[in-house]
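Okay, here we've got a single chain as structure tokens, the form predicted alone, with questions on binding and movement later.
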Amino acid sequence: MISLETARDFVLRDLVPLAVEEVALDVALGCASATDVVAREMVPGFRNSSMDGFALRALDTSTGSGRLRVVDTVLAGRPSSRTLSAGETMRIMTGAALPEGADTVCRIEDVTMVGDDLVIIPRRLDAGECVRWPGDDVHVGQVLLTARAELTAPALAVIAGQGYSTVLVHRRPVVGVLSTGDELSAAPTLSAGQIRDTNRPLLLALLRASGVTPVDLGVAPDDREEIHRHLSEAVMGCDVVVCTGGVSVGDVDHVKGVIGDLAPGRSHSVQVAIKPAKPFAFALVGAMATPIFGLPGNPVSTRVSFELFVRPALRVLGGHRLVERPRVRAVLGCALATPTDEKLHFVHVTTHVGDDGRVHVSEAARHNSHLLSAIVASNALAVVEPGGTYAAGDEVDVIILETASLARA
């Protein structure tokens, strides 16, 4: 067996980000920026009001109050053509441009109206109150987003605010998913010894959630020539190929052999010192060095292997700076069994943020590689090492898989 670190090293060390392409902002969410994005406009671009109220000169309230004549109304997008003079004010809406001569806004709830064209300002105002100044948010030349940063919704909004309609990104990986096994059936009624394919739906969903483009390659039987044909065709049209089943030591575990045939001298078929997901195969195929992953066939093993090997590789190929999921120390609310072997165990657990602000493990799923339903409610993987102490109240490293569900209990 080899260590997890050794396996991850030969997977990740030779990968480089995919080519750069220019895409519209509305399809860029989740991509990695290929360049720094630099501001070319100030935001705001002009003085404007942060409140509904009255634009005025602060000097007109220097005695502690002011009685001002209303001479105009300024709406957002419709600046006033007048210049404000002493003793005058203009009604102004949030986001509207301050008129010439004004330097302050008094909130509408703070004034007293006297008829339709006179207001009383009840206190002294300082220049600049309730005013947004040019460049408050963004100044020209400011780096809004650095290369390899992920394009989140706020990032895309900021870029759009500069008048950009496209952005340079590293291309999303196109990832093919192939299941193997004579036992897999899509028929309405299963025959004796047959099961339904869960790995392919699992992986296709994980790929969508990872922001890449999945391709369903279907199911191949336990036939070496058929598997070779499927994988040979897949590497021609995909940036990455992920195959499940056929990587262990059984008589019909052909995938690892086919991967070796496709990439002589550039393939690995190994047993990794982890549980689940010990059997693993990997290769870089052809002139394009297309990665092929051979994952174990048990579904929980498939999920763990995806998280440890496939997803980090996809993040590298996608040009992302942040490759790993968040890993934190968590307080155990239940005991975990200490491994009796020398493997690193990954246990699906349910976590939440407690009243103390720390992450807590509230429940551990039944720990076996075929128990897919047991992990449905899990949102993290606990990293359990041989020789550790994992009683309730102890701490454990956890890899957060679903940040949206990491809510306070």
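What you see is a predicted model; the values in this text were computed from it and never measured. One-based numbering along the sequence shown.
As for the form predicted together with a small molecule, it is not shown, yet the points below apply to it.
Exercise. If you check Ser267, Asn298, Thr290, Ser80 against the small molecule in the model of the complex, which one has a heavy atom within 4.5 Å?
Worked result: Looking at Ser267, Asn298, Thr290, Ser80 one by one, just Asn298 meets the 4.5 Å heavy-atom criterion.
For this session: Could you work out which of Gln271, Gln142, Ser232, Thr198 is the residue within 4.5 angstroms of the small molecule in the model of the complex, going by heavy atoms?
Result: Looking at Gln271, Gln142, Ser232, Thr198 one by one, just Thr198 meets the 4.5 Å heavy-atom criterion.
Problem set entry | Segment that reaches the small molecule in the model of the complex - one of 241-249, 327-335, 257-265, 311-319, heavy atoms within 4.5 Å | One stretch meets the cut-off, namely 241-249.
Exercise. Given that the partner is absent here, does Glu183 sit within 4.5 Å of the small molecule in the model of the complex, heavy atoms only?
Worked result: Although the small molecule is absent here, Glu183 would touch it in the model of the complex, with heavy atoms inside 4.5 Å.
For this session: Look up in the model of the complex whether Thr104 has a non-hydrogen atom within 4.5 angstroms of the small molecule, and give yes or no.
Result: Flag for Thr104 set to no.
Exercise. Taking the shortest heavy atom distance, is Asp72 within 4.5 Å of the small molecule in the model of the complex?
Worked result: So Asp72 does not count as contacting the small molecule.
Exercise. If you check in the model of the complex, is Glu88 within 4.5 Å of the small molecule, heavy atoms only?
Worked result: Output for Glu88 is no: heavy atoms all beyond 4.5 Å of the small molecule.
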